[in-house]
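Shown next as structure tokens: one chain only, the form predicted on its own.
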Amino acid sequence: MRTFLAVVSFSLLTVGFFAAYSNYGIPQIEPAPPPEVEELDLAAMSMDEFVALGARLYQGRGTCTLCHTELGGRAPLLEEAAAVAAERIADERYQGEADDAAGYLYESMVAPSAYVVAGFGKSGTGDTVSPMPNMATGSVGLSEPEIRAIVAFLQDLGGFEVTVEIPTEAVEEAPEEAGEPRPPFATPEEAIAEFACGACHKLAGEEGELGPDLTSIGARRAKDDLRRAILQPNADIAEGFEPDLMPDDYGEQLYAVELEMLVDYLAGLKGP
């Protein structure tokens, strides 16, 4: 009996020690709150303030620095974007409609496949399709004034005169038609392409390096873990990667059936 009590006491002390250590000894990672959408008083905004707004969006809610940095390496650096605009418009591969630097920079955010810089296209497309999503839709969803503010910032960043004009009033968003939700994605690949998952992950033929390699994730993670990683990406950060890189609102953007379709797809990725 004495031995039994000793074993029970030791077990309780051990469990208590690890519980206390896990709660107080290990630093807790608190996910950053989602970036707030600024209320824009465009009529009272100076050009310097407009450029500063563009800088904040570029470095924050626009998520531009996830890819357009030397560290990211998944997209061209943009310090010279305004300088090379005319050259790219004249390139025979250009498929857009811009006729000046401001138009090209704007177009590069809402129709990024109009011109794909060599070496930065989706794998297998011959640099004709960009992995970058339309910045006016999806998880980023910038408004027209916000996109124009980033254009102003990029012109200023390159040392050029800012030619984009501040909109005189906020552009009203067209109300969504009640009862007409978007059609669900038919395949997991369609959802992966829409949300540009391959820009950060090795997945579906893409070679992103900012996030974990997912080509064999199903061999390492159960479905519950995969589901949580999509809905709460900061809950468990893979070793060697930073928190707050993956958007945390996919639970709001995906239908339940799409979420489960993605989870099943990822669970089936067992590697070679």
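Numbering starts at 1 and runs along the sequence shown. Not measured: the values here are computed from a predicted model. Take the two forms, superpose them, and find the largest set of C-alpha atoms that agree within 1.5 Å; that set is the rigid core.
Below: the form predicted in complex with a small molecule, not depicted.
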Could you tell me if all three of 56, 96 and 166 have a heavy atom no more than 4.5 Å from the small molecule in the predicted complex? no
Are any of the heavy atoms in residue 205 no more than 4.5 Å from a heavy atom of the small molecule in the predicted complex? no
Check residue 162 for me: does it contact the small molecule in the predicted complex (non-hydrogen atoms, 4.5 angstroms)? no
Does any part of residue 67 reach within 4.5 Å of the small molecule in the predicted complex? Heavy atoms only, please. yes
Just checking whether residue 238 would be counted as a contact of the small molecule in the predicted complex - the rule being heavy atoms within 4.5 angstroms. yes
By the 2 angstroms cut-off, has the C-alpha of residue 62 moved between this form and the one not shown once the rigid core is superposed? no
Did residue 122 shift 2 Å or more between this form and the one not shown, C-alpha, core superposed: no
Core fit, then residue 237 C-alpha moves 2 Å or more between this form and the one not shown: yes
How does the C-alpha distance between residue 210 and residue 109 change in the predicted complex compared with the present structure, closer or farther, given a change of 3 angstroms or more? closer
Sense of the change in Cα distance from residue 192 to residue 62 in the predicted complex - at least 3 Å versus the shown form: closer
